[in-house]
Structures are given as C-alpha cells and as structure tokens.
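Here we start with a single chain on its own, the form predicted on its own, put down as structure tokens.
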C-alpha cells in the first residue's frame, strides 16, 4: 500500500538498507552540540530583551493569507513566490514568512495598541519561505524580533537600534556596521519616488532583470540591489534625502544625535531601503564581514502606517528582526561559542541487583540537586562494559558499587581522566558526592 506521508511534504531517498525518511529541503534538524549553541544564544538574547523591558509574545505559525498579502505587499517575492500555502475547509492559510505582520494582527485583535502607554514585545519564532536554500538562508529559519509601539519619537528608533546593538555586544560580536536611512513619510515619499524613477528610467535597459521588474512596483528596492552593474548606476543617482519633508528631516537628524550621544557609531546610507513594503521613515541594517557575501546581520525600521493596511487607524511602531542561523554563522566565524557542557558529571555503575537498589534512588537525588547523572540499569553487565560506556559518555566520575563494596559499606569513586579512585562511605554518600562535585566545578 503506498505511503500517505509524501502528501504532507516528507521525502524519501534510496539507501542500501531501504527507504529512509529525510527532512524537507532547506529545513534542518538541530541537536547535540548545535543545539547547545542555539540554547546559549537564546539565553543571552532573552536576557537583553528583559533588560530593555520587552515582554514575549508568541503568534501562531499559521495565519490567514490576507495578513501578508495586505501588509508585505501583493507584488513582493515573498507573497508571489515564497509563501507556503495551506487550503483547508475553504480557508486559505500560510506558514508565516516573517514576524511583524502577524504581530500587527495580534495587536489589533487584542487591542494592545489601545493601552495608554508604550508597549514593547519580542518574539523568537520559526519562519518559512520557499526560496533557494543557501548558507544562512533556509526555507525554515528562525528569527528574534522586537516591536515597540505607541511612540513616534526618534528616541524610540534609537532605543530599538541600541537594543540590537546591545544584543550583538552581549554575544561578543563587534565586527559590524550600523547603516541608517530615512524612507520618508506619506507626505514626502511620492516626491522621492518620482525623483528616483525619473533618474532610473533612461538607465532601465542597463539594469538587471530583477531591477527592471522592480521599477514599477518597488523602485526603492533597486537601491538595495547587490549587482555591481546596478550599484554603479544607482551610485550616480540624486540624493533622495533632499526630498524629505521638514518633519522627516527633523526626525532623522534627532535620531543621529541620539545615537551619537549613546556612542553608537553609524553610517548614513541612502541605499538602506528594506525589502518589505510596509516600512517608512527610519530604516536601519546591521552588516558584518563575518557573514561573507550575505552581509546582513539584522535590521528593521519604522512602520507607522501598517495598521492602516488592515483597515485600522494607524499608530506608531518600530522594530527589527535578526536571524538565528546568521548569528550562529557569525559566532562560529569568531570561534566565540563557550565550551558546551555536554558530558555527565557522574556515571553510576551498579554491579548486581542490590547495588542497583541503592544507586537508583541516589541518581534521582543527584539529578534533583542539578547534577547531571547517568546510571546503568543493566546491573548484570561487567564492570569493564559499564566503564566503557562511561568513557563513551565522557563522564567526569564513575561511582562503582558491587557486592564487595556493599559488604564494606563503601562505594568507589573513579576519576575517569586521572584514572584514580577513592572510597566513599555509603552512609552520607549523597552529601559527600555533592561536596566532591561542587569542589570540581
């Protein structure tokens, strides 16, 4: 009978030993030393969010397609090509391709923006985009995000940039540039667009195919093209900052002043435009040589008009996203991960049923005290076999208990690296082991 698993995205590959289930292309399993790296990053990043007063929010992995088609933009690559869609009982759903649109849906649904004060949220969620997998860009990827609502000031923008800067510094990453720009507002953006398209129109045949497609639907994204031929053209273009209205100019000037006061170096870069349609006013990006050609480490900006795309009254909002996979690449390039604690402190080796009766409850006591303890339940196995297992686990100590030791009312504690052993009385053995472990830490 044919398997139904293939209908939900699983893949099979041939093996000499028969069919083996394989992860979907661009989606990876995380375990072992890799998981230790991820957990360390998560702990560090969460601590910074908490220091800055952000509370966590978790949105569903599935959203109605309109959440993204109305916000990210109908004609963006994400909506046109990259979203994973699910149709069920006349519902058109998608696996979230990015975090801000789903966050905004949650804010409006629960009226979080009606609170009388500023609101600060963070999330750490998997995202999904059907694009060509490459280093640092997978089809399932993971993002931290921060969203700061109900504050329209440039100080809020500076606060969010400072938060992202603090996260990288907490992780030990300092090799990056902070690039900022102003994308204008509803008042000045039309003039910016007209100035840009007027300059680009004569050069249109010389732009790459992707930029030619963007010319009508998203001309600002041409400024972000990485093709050298396109960069040479846009480098000669007019300064769009001259099109900013007085309000946007004042906002941008004040943002730069606050960053300077905070001693956060930045580059005023007119090519920073962001890839999603809902950004306006402040945009920023952190770039790093640690990532190679894909230099974007994280970024974000202001999206004050996003609520309007849901048919709601707009309100101030600014935020950022940073990818976990890219953080891992950057930290690996610096060899900056701490040594993971992947090995048990104690291995209990009972030789016989009576020994197991004593060591089993002891193993639970030690675990409750926070000591990573492993125990062999195969008490009939030889001491040699059990110590071989302890070596495979790279346990620091092995505690050996057999009939002879029970008769003497002692157990043998073996230092696996030094190959030395000492006797420990069975009476008070729990306290003695805790003291020994604490001295070794």
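Here the structure is a predicted model, which is why all the values come from computation and not from measurement. Residue numbers count along the first chain shown, from 1.
The protein also exists as the form predicted in complex with a small molecule; that form is not presented, and the subsequent description refers to it.
Asks: I need to confirm a contact call. Of 94, 207, 158, 321, which residue comes within 4.5 Å of the small molecule in the predicted bound form, counting heavy atoms only?
Replies: Contact with the small molecule in the predicted bound form is made by 321 alone.
Asks: Check each of 214, 274, 251, 105 and return the one that places a heavy atom within 4.5 angstroms of the small molecule in the predicted bound form.
Replies: If I apply the 4.5 Å criterion carefully, the residue I get is 274.
Asks: Does any part of residue 129 reach within 4.5 Å of the small molecule in the predicted bound form? Heavy atoms only, please.
Replies: So residue 129 counts as contacting the small molecule.
Asks: Taking heavy atoms only, is residue 297 within 4.5 angstroms of the small molecule in the predicted bound form?
Replies: Yes - in the predicted bound form, heavy atoms of residue 297 and the small molecule come within 4.5 Å of each other.
Asks: Is residue 136 close enough to the small molecule in the predicted bound form to count, meaning some heavy atom within 4.5 Å?
Replies: Residue 136: yes, in contact with the small molecule in the predicted bound form.
Asks: Find out whether any non-hydrogen atom of residue 220 is located within 4.5 angstroms of the small molecule in the predicted bound form, and reply yes or no.
Replies: No.
Asks: If contact means a heavy atom within 4.5 Å, which one of 321-329, 146-154, 192-200, 252-260 is the stretch that engages the small molecule in the predicted bound form?
Replies: It is 321-329 that comes within 4.5 Å of the partner.
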